[in-house]
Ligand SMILES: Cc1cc2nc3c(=O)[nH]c(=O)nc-3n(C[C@H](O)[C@H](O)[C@H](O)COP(=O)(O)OP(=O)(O)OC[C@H]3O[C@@H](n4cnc5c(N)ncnc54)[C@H](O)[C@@H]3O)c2cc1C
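A single chain, nothing else alongside it, follows as structure tokens in the form predicted alone.
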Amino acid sequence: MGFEFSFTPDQEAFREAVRAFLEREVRPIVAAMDESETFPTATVRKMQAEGYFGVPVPEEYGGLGLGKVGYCILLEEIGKVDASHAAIVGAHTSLGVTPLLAYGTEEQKKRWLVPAAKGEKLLAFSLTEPGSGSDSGAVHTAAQPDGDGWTLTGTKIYVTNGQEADTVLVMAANDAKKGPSGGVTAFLLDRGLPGFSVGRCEKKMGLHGTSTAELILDHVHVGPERVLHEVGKGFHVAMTALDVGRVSLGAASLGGMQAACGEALAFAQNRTQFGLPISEYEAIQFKLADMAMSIHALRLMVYHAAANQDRLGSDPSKWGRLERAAKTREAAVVKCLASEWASDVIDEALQIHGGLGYIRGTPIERAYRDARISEIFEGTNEIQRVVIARDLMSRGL
């Protein structure tokens, strides 16, 4: 598999446009958003108007048609400015849009994908339950046959965008005994359906601009048109979404690492101790060098993975078994290393700032709180290592 990669002039122009937008519209509101712990409705709407919630979607379905590479460019730039906005876009695009593009019928794409890509609707994804997290096949939310449709009953938790989403992709058990092998089905549930409600929203360490909501399904009746893909194939739907989400999380982590390194470098060059800027001391230089090495390596990994996903296309029926396995392993590697390296880089950046880095409201303190969840959501890093190890034992290096 080839490793050569470069950005096209159009991709570079897109990056510059995104960067200018974020500096103008998003950066000025981040500190207040974090302090008030409110969803940034105004900036999200502006991003939707720019088409940023449909970046990888083909133009025929209302998107910008920039593929996974373009999508990672977007997430990298957002990650430099604010992790909450990155999580909002990621939950919508990676976990909501991707399954619709990959598995939706033409009718479903017209009804749900097109408005989502155009920025008219916000999506969310719901797999986790009170009794199932890393064991994603142990879904207990029940989907009972009801006439030609289904009735869904259960509770979902930790749903990013859950309070604001117009449509949620919900995983429910059509046959709990089968688990992930035929027992889980993906359903498209719209806000306002009878029996569908939002419960409590969690107070979190970081990502204060996002909602992390409980969803309550009290005998929600849906027709067959709301089943995404086939009955019993929900696990495939979820894993396809997570493969994209794990790489885009890597891109957002890359942006966060660059921002932290930049903050640390600027501080070190201006902070004087013992008569010299602290950047003159090897103890600080080595920290900065380690940050730069991680950023360099992660950039290559993220865009290599994104380019491979673009090469495969968005039709899972055309993927070979080995191609699918390689894509999943690569996504797990990117997610695991990106989240851990980001935590390390931001921690060292905080250390360089000394006491100032520990003060509430500084960019580096906010980054420290925001970064920690990346080792947990989109599949814990322990699960990523299970995915990698099982594929390693199956296919070798």
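Keep in mind that this is a model prediction, so the values were computed, not measured. Don't overthink the numbering: it's just position in the shown sequence, from 1.
The next section is about a form of this same protein that is not shown, the form predicted in complex with the ligand.
Among 185, 212, 294, 84, the residue placing a heavy atom within 4.5 Å of the ligand in the model of the complex is 212.
Checking 229, 111, 327, 204 against the ligand in the model of the complex, a heavy atom within 4.5 Å turns up for just one residue: 204.
Mapping the unseen interface onto this chain, residue 134 counts among the residues with a heavy atom inside 4.5 Å of the ligand in the model of the complex. Proximity of residue 71 to the ligand in the model of the complex: non-hydrogen atoms within 4.5 Å are absent; the residue sits far from the partner. Residue contact check for residue 160: one or more of its heavy atoms lie within 4.5 Å of the ligand in the model of the complex. In the model of the complex, at least one heavy atom of residue 128 sits within 4.5 Å of a heavy atom of the ligand.
Just one listed stretch, out of 76 to 84, 173 to 181, 221 to 229, 151 to 159, contacts the ligand in the model of the complex at the 4.5 Å heavy atom level, and that stretch is 151 to 159. Looking at 360 to 397, the residues that come within 4.5 Å of the ligand in the model of the complex, counting any heavy atom, are 373, 376, 377, 378, 379, 380, 382, 383, 386.
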